[in-house]
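Starting off, we have a lone chain in the form predicted alone, written out as structure tokens.
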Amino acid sequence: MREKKTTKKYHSQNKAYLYLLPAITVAALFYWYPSLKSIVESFLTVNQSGKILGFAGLDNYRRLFSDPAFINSLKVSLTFIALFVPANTFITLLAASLTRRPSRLSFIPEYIFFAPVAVSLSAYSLLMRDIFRGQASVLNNLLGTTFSGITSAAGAMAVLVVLGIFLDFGLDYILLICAFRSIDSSVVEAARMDGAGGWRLYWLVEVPMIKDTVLVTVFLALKDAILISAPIIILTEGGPFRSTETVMFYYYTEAFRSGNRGVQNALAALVLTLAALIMTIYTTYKKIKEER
């Protein structure tokens, strides 16, 4: 009998892996293989056509970190992360908190807050460019202001942060609103019976119960902040004066404009290492929490 149960469990696991096989195959072909290839080639000399010319050691990394443009892109990326991640987390959490109680009309704010997902990244970027393109922008014409917008370094960074929030808002809002509404109502009622209400109920009961989801939205925002490039290409092209040239925009210019394969592979290897480090931190946190 025990042998039959073991056999059945074995076949069930094999069936599960069979369903996962297409996804694993796609990931292996389009993620794992290119990632491993980039890491290996970051230690080699490769020409623009992809031909390996010899062993480079750490020369590609030395060239990367000796480039002032790359150092500037690191500073810009860190600035964007420091501004975007907290602002995005606060605004999406605020919106989800204000609409966490379901009602007859709750579908209206839900629809409005989720609507940004239906618009493409390129469309948003073009729209923001016209609204904030400088003295002749749509915003200045409507309000009679003189906001410099994307023509100044500070203005361009502010507009980029706002654009990033728009792009991430819909998904993060849905995750948070679902987390709030999945809280066991008996726990909330018990807290109310114990005298908790208003802000105390929110901060001491509800928010702690969705902290894992909040952490997920923070990691998603961090990932998007590190990888942001397409909105910059459309909105500012790295300007003015390289004030919005992030690490991934630098990668775009080196890999697709300059054809610098050595620096391209070195930077790809660094980004992959950083992504692996972030995922390791997150999974370690989850494991420690589950063991408690």
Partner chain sequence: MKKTIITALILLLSLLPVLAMGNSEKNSEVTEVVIWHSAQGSNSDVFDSLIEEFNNTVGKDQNIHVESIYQGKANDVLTKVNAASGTSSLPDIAMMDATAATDMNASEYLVTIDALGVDTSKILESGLSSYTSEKGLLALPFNASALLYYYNKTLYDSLGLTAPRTIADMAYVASKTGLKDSNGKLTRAGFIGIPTTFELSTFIGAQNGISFMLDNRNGHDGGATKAIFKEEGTYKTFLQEWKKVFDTGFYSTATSGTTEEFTSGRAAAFLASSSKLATIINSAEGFEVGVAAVPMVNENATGGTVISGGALFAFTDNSAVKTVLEYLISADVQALWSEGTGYVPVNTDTYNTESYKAFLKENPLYSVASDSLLSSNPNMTNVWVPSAYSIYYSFQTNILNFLNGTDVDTTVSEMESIINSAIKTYRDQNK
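Keep in mind the model is a prediction, meaning the values are calculated, not measured. Positions refer to the first chain, counted from 1.
The same protein also has a form predicted together with its partner chain, omitted here; what follows describes it.
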### Heavy atom of residue 97 within 4.5 Å of its partner chain in the model of the complex
no
### Any non-hydrogen atom of residue 79 within 4.5 angstroms of its partner chain in the model of the complex
no
#### Entry: Contact flag, residue 160 vs its partner chain in the model of the complex, heavy atom cut 4.5 Å
no
### Query
With the cut-off set at 4.5 Å between non-hydrogen atoms, does residue 134 touch its partner chain in the model of the complex?
yes
### Query
Out of the stretches listed (192-200, 214-222, 142-150, 79-87), which one is close to its partner chain in the model of the complex, meaning heavy atoms within 4.5 Å?
142-150
### Query
If you look in the model of the complex, which residues in 216-248 sit within 4.5 Å of its partner chain (heavy atoms)?
237, 240, 241, 242
